[in-house]
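As structure tokens, one chain now follows by itself in the form predicted alone.
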């Protein structure tokens, strides 16, 4: 655990230096950091608990709309709106999980798509609440201690804090009793039950934590965008991107989702600028290569090879 926190500390220092070194590339960095946080949060459920969800865009939209509506309609400060969004997301995940965790395999995944689509349709059709298909604009924000919340530098630091928080939580989970319970449920629910673990309770805890953290990142994303549209925030492709980021980086690992965000989101932005319309083809080929040659994900493969080297040295000794 100490080693992981040391690496995290170094990453924080590098992140704090980034705006001074690359002031013109903040938008890409913000996107990478947000996806790193979302993918790490998703991985608590999708990797550590082994429950593949393709509906986490619903929690992103929930967080963003809580901030926008809270500010525009009720004058609620963004930090209070984010806290409420996290509570609402956790409550939704609890109800959602109680209904769907009895489903196995692809049926649970399909149910997550359905619930996220319901949220999207509510956001589109309930114009009195969300502004409907035309969206909602965040025109004003408070300035705590004179900090301009519309500043890209501030957005960068908020996204950095979010990604660091999610990684720190996963580091703690990985060495906790809860982490071992998640692994047991992921590998074999029947054996976990025989050991006295309630798989539904464990998965519900993972889902609620994952949902709350994603909603927190969604609130930051809402401030970053300033103008919110349900077609963007509740879009299925966003859920797929979040899941792919964790899967490509390495499911059920501490650093895999962050590595996946750096590779997929960073390269996607670079390819879009360099290759225009051909960027999706190159992006797809990159994903295909990783899936074919690194089936455990990038960091998962690194861990596997490290374990094999340690085992080889121990047998030779």
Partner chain sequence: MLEALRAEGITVRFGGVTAVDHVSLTLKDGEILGLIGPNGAGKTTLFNALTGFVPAGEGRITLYGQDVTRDPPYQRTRAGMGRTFQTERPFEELTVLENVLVPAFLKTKGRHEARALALEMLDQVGLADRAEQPALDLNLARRRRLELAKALAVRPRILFLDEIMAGLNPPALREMIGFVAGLRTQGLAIVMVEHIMQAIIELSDHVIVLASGKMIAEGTPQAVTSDDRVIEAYLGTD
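Numbering follows the first chain given and starts at 1. The structure presented is a predicted model; accordingly, all values stated were derived computationally and were not measured.
Although not depicted, the form predicted in complex with its partner chain is the subject of the following passage.
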ask   = According to a 4.5 angstroms non-hydrogen atom cut-off, is residue 176 in contact with its partner chain in the predicted bound form?
value = yes
ask   = Does its partner chain get within 4.5 angstroms of any non-hydrogen atom of residue 180 in the predicted bound form?
value = yes
key: Contact test in the predicted bound form: residue 20 vs its partner chain, heavy atoms, 4.5 Å   = no
Residue 187: touches its partner chain in the predicted bound form, heavy atom cutoff 4.5 angstroms = yes
All of 152, 154 and 208 within 4.5 Å of its partner chain in the predicted bound form, heavy atom check = no
Partner-proximal stretch of 216-224, 168-176, 155-163, 68-76 relative to its partner chain in the predicted bound form, 4.5 angstroms, heavy atom = 168-176
request  = Output the sequence-ordered list of residues from 1-21 with at least one heavy atom within 4.5 Å of its partner chain in the predicted bound form.
outcome  = 1
